[in-house]
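Here we start with a single chain on its own, the form predicted on its own, put down as structure tokens.
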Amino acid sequence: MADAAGRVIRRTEYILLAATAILFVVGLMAGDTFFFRLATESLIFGGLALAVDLLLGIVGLLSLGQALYFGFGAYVSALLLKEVAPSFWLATGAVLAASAVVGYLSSFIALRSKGVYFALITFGLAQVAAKTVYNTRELGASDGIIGIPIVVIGTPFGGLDTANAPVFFLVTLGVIALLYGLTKYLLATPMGGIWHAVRANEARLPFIGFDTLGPKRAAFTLAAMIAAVSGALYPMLRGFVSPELLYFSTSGNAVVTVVLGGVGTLIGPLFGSALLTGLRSVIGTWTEHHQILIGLIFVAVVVLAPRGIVGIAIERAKRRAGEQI
């Protein structure tokens, strides 16, 4: 990654971290539980957007069905928490392992095609999963799974109660930060270099001795795992899950979040998720038609800043540094 882009991304990371710390203190002083729940939801859906950006912004694969893995993680987590044991470590560990298998197997179907056909296949897989869950009585059908117990996370320093909004916000922040850090680390490895090369010109890689299917399958599986682990946190926050988590609206909102924040920046989706969550909350208090205003904002961003908010900052930094955009 170019130096100018790296500086902008690091600066954005510092800004988000500082803003999080300030808002956390303000929330504690105000004793506002709703604020912390809203911020936690923003982080959870930011994790889903991170998975979409890994595929779209890094590898060049537009997934319209990432909600499949998000919902899968949410349902597996909910079932384990309710039917087996209210254990954070059991739920997240099982979701991590199961999503790796499901993501890997799904890649054999999705990666048979490219471009718009890949997008349609991922969309189709998610729709099939959503309809299956919607019509499965054992999974609560259209009502979903309710009555998920409160989880106390065991740590060497004592239990962390997920019913405590500020505590669970910090737990979620730690999980999403770990997913972000792992993804960013992988991008600095040779595998990350191949992912960037696939997006730049996949056709040339075989001529210099690189396989493309294996790295794409690895990225697809990793994106599934990131989305699923993010989804596993949802029932701990809300106490229920529903088939809506697998619908196209969930995947579409994640794509919108990525485009708004900045495609291919990784930190952009987290920034975009925080921004969209805040906008929905504020505009939603003014009108019930807040989705119209959000849509207009999205259109404006696509027209005026197709690379997203963080992308604009990167472009300007590159111009100042005399680097190629």
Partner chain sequence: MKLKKAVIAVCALMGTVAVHAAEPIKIGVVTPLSGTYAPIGQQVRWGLDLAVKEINAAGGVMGRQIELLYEDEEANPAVATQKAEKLFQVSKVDFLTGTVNSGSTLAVGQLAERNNRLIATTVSFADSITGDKCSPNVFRVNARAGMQSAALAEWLAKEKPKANVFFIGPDYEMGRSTVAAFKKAAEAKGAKTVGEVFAPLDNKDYSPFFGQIRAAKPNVIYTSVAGNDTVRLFTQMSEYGVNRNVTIVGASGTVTSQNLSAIGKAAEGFVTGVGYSPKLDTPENKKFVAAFQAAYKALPDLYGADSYGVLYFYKAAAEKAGSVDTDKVRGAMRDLEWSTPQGRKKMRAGDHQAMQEMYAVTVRNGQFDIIGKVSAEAAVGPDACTRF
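The structure displayed is predicted, hence computed values, not measured ones. Residue numbers count along the first chain shown, from 1.
Not on display, but discussed next: the form predicted in complex with the partner chain.
Asks: Of these, Leu170, Leu90, Ala141, Met191, which has a heavy atom no more than 4.5 Å from the partner chain in the predicted bound form?
Replies: By the 4.5 Å heavy-atom cutoff, the listed residue in contact is Ala141.
Asks: Using a 4.5 Å cut on heavy atoms, which of Asn135, Ser113, Thr155, Asn164 is close to the partner chain in the predicted bound form?
Replies: For this set of options, the contacting one is Asn135.
Asks: Please determine whether Leu245 contacts the partner chain in the predicted bound form, using a 4.5 Å cut-off between heavy atoms.
Replies: Answer yes; at least one heavy atom of Leu245 falls within 4.5 Å of the partner chain in the predicted bound form.
Asks: Can any non-hydrogen atom of Trp195 be found within 4.5 angstroms of the partner chain in the predicted bound form?
Replies: Result no; Trp195 lies far from the partner chain in the predicted bound form.
Asks: Can you tell me whether Ile148 touches the partner chain? I mean in the predicted bound form, with a 4.5 angstroms heavy atom cut-off.
Replies: Ile148 belongs to the contact set for the partner chain.
Asks: Taking heavy atoms and a 4.5 Å cut-off, does Phe118 contact the partner chain in the predicted bound form?
Replies: Result no; Phe118 lies far from the partner chain in the predicted bound form.
Asks: Quick one: find which of 254 to 262, 284 to 292, 267 to 275, 52 to 60 has residues within 4.5 Å of the partner chain in the predicted bound form by heavy atom distance.
Replies: Checking each option against the 4.5 Å cut-off leaves 284 to 292.
Asks: Across 5 to 41, which residues bring a heavy atom to within 4.5 Å of the partner chain in the predicted bound form?
Replies: Contacts from 5 to 41: Thr33, Phe34, Phe35, Arg37, Leu38, Glu41.
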